[in-house]
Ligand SMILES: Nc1ncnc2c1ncn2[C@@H]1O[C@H](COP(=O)(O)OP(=O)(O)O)[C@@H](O)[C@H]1O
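Taking the form predicted on its own, here's one chain by itself in C-alpha cells.
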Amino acid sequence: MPIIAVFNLKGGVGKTTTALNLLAAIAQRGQRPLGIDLDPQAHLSHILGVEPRNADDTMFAFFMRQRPLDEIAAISPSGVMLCPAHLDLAKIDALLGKGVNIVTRLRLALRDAKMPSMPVVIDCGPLLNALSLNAVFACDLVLVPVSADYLSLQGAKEVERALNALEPVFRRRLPRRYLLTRYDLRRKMSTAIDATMRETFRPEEVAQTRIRENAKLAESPSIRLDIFRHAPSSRGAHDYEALAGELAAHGFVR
C-alpha cells in the first residue's frame, strides 16, 4: 500500500491540486485510492464534495477519539474514497501535543493488518505540526510541490531541513520528490527555479515531470472536478498522468 504525503511549508504552491489530481491519476490506472485530508482548511474535502458538518465524522475524530479510518472514509462523487478534514483539526496540537504516540497514530492505523490495501495520498497543510508529522511518519514518499517562485522554493528548503533532522528517528533517508508546478517555459523565473532546484536538492529527488501552467488545471478545482474529469485531453491531465507513471516506475504508485 504506497502512501504519499503532499507537503510544503509554503501555501499556494499546488499541494491540494497535486493531491486531487494524483488521486485521480491513480484511479485512472484502475485502482481506488484513499485520500486523507489533514489540512484544517479542508480544500480537498470541499473539491471532492465530502464536507461533513460534524467534526466527529472527520479526521478530527480519528485523532481525538481514535475513530477508525474506515468509519470516517466516504466515497466522493468522483468515486475516490476520502477521509475528510474539518476546521477543528487546527486544535489538535493544543489538545494533544506532539508526543510519539500522537505523531505515529496515522502510521499505525494505515499499516494495521485490517486496513484494506490501497494507494493513499495525504494532503497536508503548510505547517510543521502534529498533523503534517503524522503524514511524514506514515508515508513512503514525501511529494513536495514547488511552484515556480522563490518563496515556494524557500518552503521546500525548509521541508528538506525538517526531513533531514528526522533522519536519526527513521534511521534512513525518507524518500522524497520535489515537483515543479506552474511551470511556464516562456517565463525566466520558471527556468531559473527549475535550475536552482536541481542544484539545491539531490538530482534523483527532483521529479522529471513538470506540471505546466494550464488554464484548465487552474479552473478545475473551482468547479469541483479533477483535471481528468474536467479536461482529459489538456496539458494538465497529461502532466499528472506522467507524474503517476514516474512515481510508479519507482514503486510509489502501483
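Start at 1 and count along the sequence shown; that's the residue number. Just so you know, these numbers come straight off a predicted model, no measurement behind them.
Just so it is clear, the following notes concern the form predicted in complex with this ligand, a form of the same protein that is not shown.
Q: Among 60-68, 22-30, 207-215, 194-202, which stretch has residues whose heavy atoms lie within 4.5 Å of this ligand in the predicted complex?
A: Correct option: 207-215.
Q: Hey, in the predicted complex, does residue 12 get a heavy atom within 4.5 angstroms of this ligand?
A: The answer is yes: residue 12 has a heavy atom within 4.5 Å of this ligand.
Q: Would you classify residue 40 as touching this ligand in the predicted complex, given a 4.5 Å non-hydrogen atom cut-off?
A: Close contact is absent here: in the predicted complex, residue 40 is far from this ligand, nothing within 4.5 Å, heavy atoms only.
Q: Residue 221: heavy atom within 4.5 Å of this ligand in the predicted complex?
A: Answer yes; at least one heavy atom of residue 221 falls within 4.5 Å of this ligand in the predicted complex.
Q: Is there any non-hydrogen atom of residue 182 lying within 4.5 Å of this ligand in the predicted complex?
A: Looking in the predicted complex, residue contacts with this ligand include residue 182, since a heavy atom lies within 4.5 Å.
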